[in-house]
Structures are given as structure tokens and as C-alpha cells.
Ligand code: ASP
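Have a look below at one chain only, the form predicted alone, in C-alpha cells format.
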């Protein structure tokens, strides 16, 4: 057998046992959390798997970096540097609690160099008095750049052969700063060149999530929640056997357990259902996370780093049949309904295109659309561009908008094929005013708009109606039974 063929077979074996593990901010928020993460990764290695680890910034760090960048952009140099100083001390203290010896000295020096560079960047922003999306991306990138280095060192200290990989060398994107689009072919090539050899050598690569770089090496970010996306891109690029998203909940739930304490863990769900839930408000997954996994048919697991023995939720191409009509109910808040009325133009050729062209120019995504004989109603996320959008729309129609709205999204299998479902849904919330309803193209999604203030009551009423007798093959009913006995 040729050397090339042997190398190809070794690579195939490495990919079959490869698992990409993403740990969010709460899983690396301090030394104790990082040690829990280390134990979880060790468990995977003891099972004969080869982990590639993606980590977020420490909890709340991204928000604070954004605040520092905003302060500098306003010319508040002192305020920006004060935020950076607090972050510097937090990272230095965490490293001191986590590491010792030469590793501590190396990481401590790297942290100080990183924050010296951040301070220089903030001073430059304050001097210019302007914060561009490109510069903002560079500021917020420090969170993942430093956390990934600390986690890699912790792995090295605890016998896991941790190897830090700068995400900007692997995650190649376009230059749409703030929400860059990945260049998947380039990413796969870089991962094969830089990360796969580390796996084959028995090391545990650690990559910062959320961040990437253009082909020219300019730092970019994938948008908020982008660490999940990074994990999926790495998993897809390496043709991994599985992708694990480690967070601080037991998996995808039937609804928000803070609102409904009897919410159930969903054992298994389809890619399509999970994508709907992620987009329409479920916080466990980033909406884009599963796209690279779908393309390569890689199963995704959602797991709890604070309860590592829990089975979590498995997301696959095809979920098993479910006796219950719905899998989960999500809520998306901070939405605005825009009503567009132009009775003489509604059905004329090109009118709808002219309306949607306005949203395209402002890069504003639309969640739901409803049309009648004389009007179009649609929903968008509330943002400071709405007045300008409405001003543009006002050139072709009468426009009004209402804020403080929320979208309730109910996801399940073949909703359109089950008679009487809509009647049960709206009977359960008959005491709540419903503003818009959508059950059109999607067979797995029924959505409607209500006031934000009614969300909790709507979720409780709907959950009581549809999850009183859940299917034990799909939902963790044993946990509910245990809780009822306590």
C-alpha cells in the first residue's frame, strides 16, 4: 500500500472518532468551570474519541468588550480603559487559579500582551472618535483569543495535550464585519492542514469560537452566538462523527423552564425542527449552527456542562415519530409589526417587490408576513433603523408600526396534517389577543403574534394543553415523575 493511501486511511480513522465539542461562556467563566470542562473532555478521550474543542469568551466578556469599544468610540478613553483593566485582572486571576509553573508564566505573559494590545486599540479608537464595524470586530475578538489560550493550557497541564489554534488561521470569511459569512471550502482546507494533524498526533486542539479572518488576515466575527456556528463549521470541515454543544441547560426543552417549571427535555429532534426553534427564540442554539451539520449529516448533541451525565438532546436528519403534536414552544420578543396600506397599488405588478426591496436595502430580516386585499403586515426585530425604513416605505404607501410584540412559535411534525390542532391552540389562549397568525409553507411550524406582556401566560397555557400527556419516547417524562415525588 502506498504511503499516500496509508495516510488517507489514517485520516479517515481519525475523522470517524473525531468529536467537536463547543463550550459556551458559562462553561469557561472561571477556573472551576474550566476544570469541569477539562473533566468532560478527558471523559471523551477515555472513550476513545478525539476531541476538537471550541470555546467562547468567558461569560459576559463579549458584552464588556462591546461596552469598551462603544465608550472609546464616544471619545471616553478613560471609561474604555477602565473596562479593559477589569477584564485584564479577571483573566489574570483566573489563570493564576487554574495553572502553575511554566504554563502559568507563559499564559500570564500572553494575557498581558493581549490586553496591552487591546489598550492601544482602544486609545486609537478614542483618538479618532469613531468606531467602525471592522474595528469593533477586532476589539471583541480578544475574548475568544484569550479564553482559548487559557483552556488549551489547562488541558496541557492536566494531561490532555492541549494545543491552541488561532481561529483566524482556520475560519476564513468574507469582509462583512459584525456578521461575516464563512468561506467553507477555504475553512475545510485550513482545518485539514492545521487541525487534523494535531488530532492524528494525539493532541486536543482548542479553537476560539465566534471569530475568523478574511483571506487577507483581517479579523472578523460571525455574529452573536457565533461560537456554535464555529463548532458546526469545524465539524463539517473535518467530517466529524458528532458535534456537541455544551451549555448550562440539559438540552432543548419543551419551553422555557423559567416560565414553565414542568418543561420537559426533548430527547431527540430533527434538524429542521431545531432550526425553526433556534430562529424563533430558543436560546440553546444559534440559528446557523446546524447548517454545516445538515450538509454532512453529522448528529448534533446539546448537553449540560454542569450536569455532564444527562443525555441531552440529539439532533438528527430524521427524528423518530412523536405521538404528541408539538415538540417545543419558543417565544421571540422585541419585535415590531409594520402595517403597509396602499389600496390602489397592492395588486399591481412590482408593488410587493418594491416593499421588500426597502427591507433588503436596510439588511432587515422579516419574520412573518400577512397580506389582505388592501394591506401588508409584517414583523421585524425592533431596531433603531425602523424610522428610516418606515420613511422609505412611506413614499409608496401609508405606514404605521407597533412595537413591544412577541412571536410564539410552535414546532412539531406534520402540523398541517392534524385536524383540530389550530382549534386547540387558539382555544388554549382564548383569553389572549392574537395579532397575526402564520401556518403556511411550513409543515412543522405554527406561529402567531401577541403582546410581549402576554408571553409568559401564553406559554404556560399552551404547555399545559399540549404537554400534559407527553410521548415518553421523545420526551424525558422520567424527570417529571421524579420531580413530582420530591
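Residue numbers count along the first chain shown, from 1. All figures in this text were calculated on a predicted structure; none of them were measured in a lab.
If you look for the form predicted together with the ligand, you will not find it shown, but the lines that follow are about it.
When contacts are judged by a 4.5 Å heavy atom cut-off, residue 62 counts as touching the ligand in the predicted complex. Though the partner is left out of this view, residue 53 does not reach within 4.5 Å of the ligand in the predicted complex, counting heavy atoms only. Shown alone here, residue 148 lies farther than 4.5 Å from the ligand in the predicted complex, counting heavy atoms only. Taking the partner from the other structure, the ligand in the predicted complex has no heavy atom within 4.5 Å of any heavy atom of residue 68. Checking 226, 237, 162, 312 for any heavy atom within 4.5 Å of the ligand in the predicted complex turns up a single hit: 226.
Comment: 226 to 234 is the region of 88 to 96, 332 to 340, 226 to 234, 380 to 388 lying near the ligand in the predicted complex, near meaning a non-hydrogen atom within 4.5 Å. Of all the residues from 138 to 169, the single one having a non-hydrogen atom no more than 4.5 Å from the ligand in the predicted complex is 144.
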